[in-house]
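First, one chain by itself: the form predicted alone, in structure tokens.
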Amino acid sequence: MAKLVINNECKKSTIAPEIYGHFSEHLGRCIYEGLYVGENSEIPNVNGMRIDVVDALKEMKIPVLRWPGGCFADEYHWMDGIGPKEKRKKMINTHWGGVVEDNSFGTHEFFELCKQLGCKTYVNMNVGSGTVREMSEWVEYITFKGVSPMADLRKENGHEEPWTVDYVGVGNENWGCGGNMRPTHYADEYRRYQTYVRNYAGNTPIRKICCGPNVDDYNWTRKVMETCFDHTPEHLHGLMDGLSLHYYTLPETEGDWNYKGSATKFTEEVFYQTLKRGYFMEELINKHGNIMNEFDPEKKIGLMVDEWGIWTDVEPGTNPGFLYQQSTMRDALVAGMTLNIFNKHSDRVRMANIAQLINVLQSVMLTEGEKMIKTPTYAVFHMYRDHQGGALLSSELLENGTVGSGKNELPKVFESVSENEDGIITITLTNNSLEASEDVEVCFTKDGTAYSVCEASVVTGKMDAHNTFEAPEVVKEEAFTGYSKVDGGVKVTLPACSVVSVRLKK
């Protein structure tokens, strides 16, 4: 039996709600058909946004949404997406499928969507093929309240009041699709571009995100930090609020991106290999975080994991450029494990955005015409929403076993624990074993503290279990009863291949 020891007197970092963020790109059917169907669609909508999708995302408590990319961001010119829709410029989406992008979803539509969702906004701006002026004018168009060319243009286009943009990404993957830059060159460009991301008087300060590394490119992190912080901290106050990190879990590839493995057809060996590759996130956060600590020991700069998740081969018969894939219990376990890792590193990880929101990669929802289904990944995000804004509690898992074998061996159970302002403790656990349940005794370091379970839920099933439009509830969040009261705590029995949440109150 594993033992989870919780120090209920040791509150650590706050778990930023933005850790549970999402990513939407002009890619495949994420924006069009997924989020936006247009005002004249027969699919129920409000100002073009699907009602079923918006309601489900609000129920999941989506905290922040990143847009318009991704690789698309560094070929996106925002003025193409404003004004009367019939006059907006059409373009070919060269990155994703070679389809026509008609720009009917642009700045006004994005902020309308976020208004309906009640979430924060993260706009990734164009460095790769854009200009400083273009970025500066976009910020002015979005946020300036007074009299100016861009504010006047926004008003002409029907929106009198400015919006709030909470985060601005200064380029995306500039080591690759965003310009194939070297780290020192990008860092100098970052310094120049971010200068003109103005915080206009009376507005919520914009938090600026610098393009960080691809996976384990520690040289990129070091060179960018060195170049950006070669003056005194006082001189560079406000230069950077976050450094991005991108890491995708590729189930089967051995360096060949043309074969990543099926989303639904895989062996037990590949199951454990996928989880072990997902577990690599822990090492990435530690090593990139250690480099950041040299320049930012007070951890004022967040590590923003703004692209993560499982990336498999597309579903048979679909456009290879649309990246449409299913989501199984394997995805649910990677999601639960990764979110627990983010929680436990919330002193440095301040935001994360799973890729992508709908119909692309590890989505939380899939649509087909007027139909919409929630994936196992949705169930995990819904379950974990209670961590948002909570205080991370110090916790340690003792006598934890392992699963997998050889290079695919990893811990059997992953956990994280938080306490909200009402004193309710949320414990989330994954049992990564396909073969066996696991008993976990939960106890507290402070003697005499009596807690009882006030809510508990589970997501479980076979490793390849998934929802379809014909069978939409094969995997879902359900009430969990596999716990019992013991002296000083609670014993929880985790089913094999499961994600569990147990909430305790005094």
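Predicted model only: the values in this text are computed from it and were never measured. The numbering used is simple: start at 1 and walk along the sequence shown.
Beyond the structure shown, there is the form predicted in complex with alpha-L-arabinofuranose, which is absent from this document and is the topic of what follows.
- Residue heavy atoms within 4.5 Å of alpha-L-arabinofuranose in the predicted complex occur in exactly one stretch of 399 to 407, 83 to 91, 221 to 229, 304 to 312, and that stretch is 304 to 312.
- When contacts are judged by a 4.5 Å heavy atom cut-off, residue 23 counts as touching alpha-L-arabinofuranose in the predicted complex.
- Contact check for residue 71: a non-hydrogen atom falls within 4.5 Å of alpha-L-arabinofuranose in the predicted complex.
- Shown alone here, residue 244 lies farther than 4.5 Å from alpha-L-arabinofuranose in the predicted complex, counting heavy atoms only.
- Contact between residue 356 and alpha-L-arabinofuranose in the predicted complex is found at the 4.5 Å heavy atom cutoff.
- Contact with alpha-L-arabinofuranose in the predicted complex, defined as a heavy atom within 4.5 Å, is made by none of 279, 414 and 496.
- Checked against alpha-L-arabinofuranose in the predicted complex, the residues 379, 351, 361, 334 give one hit for a heavy atom within 4.5 Å, which is 361.
- Of the residues given (323, 168, 429, 181), 323 alone sits with a heavy atom within 4.5 Å of alpha-L-arabinofuranose in the predicted complex.
- For the partner-free chain shown, 172, 173 of 171 to 193 come within 4.5 angstroms of alpha-L-arabinofuranose in the predicted complex, judged by any non-hydrogen atom.
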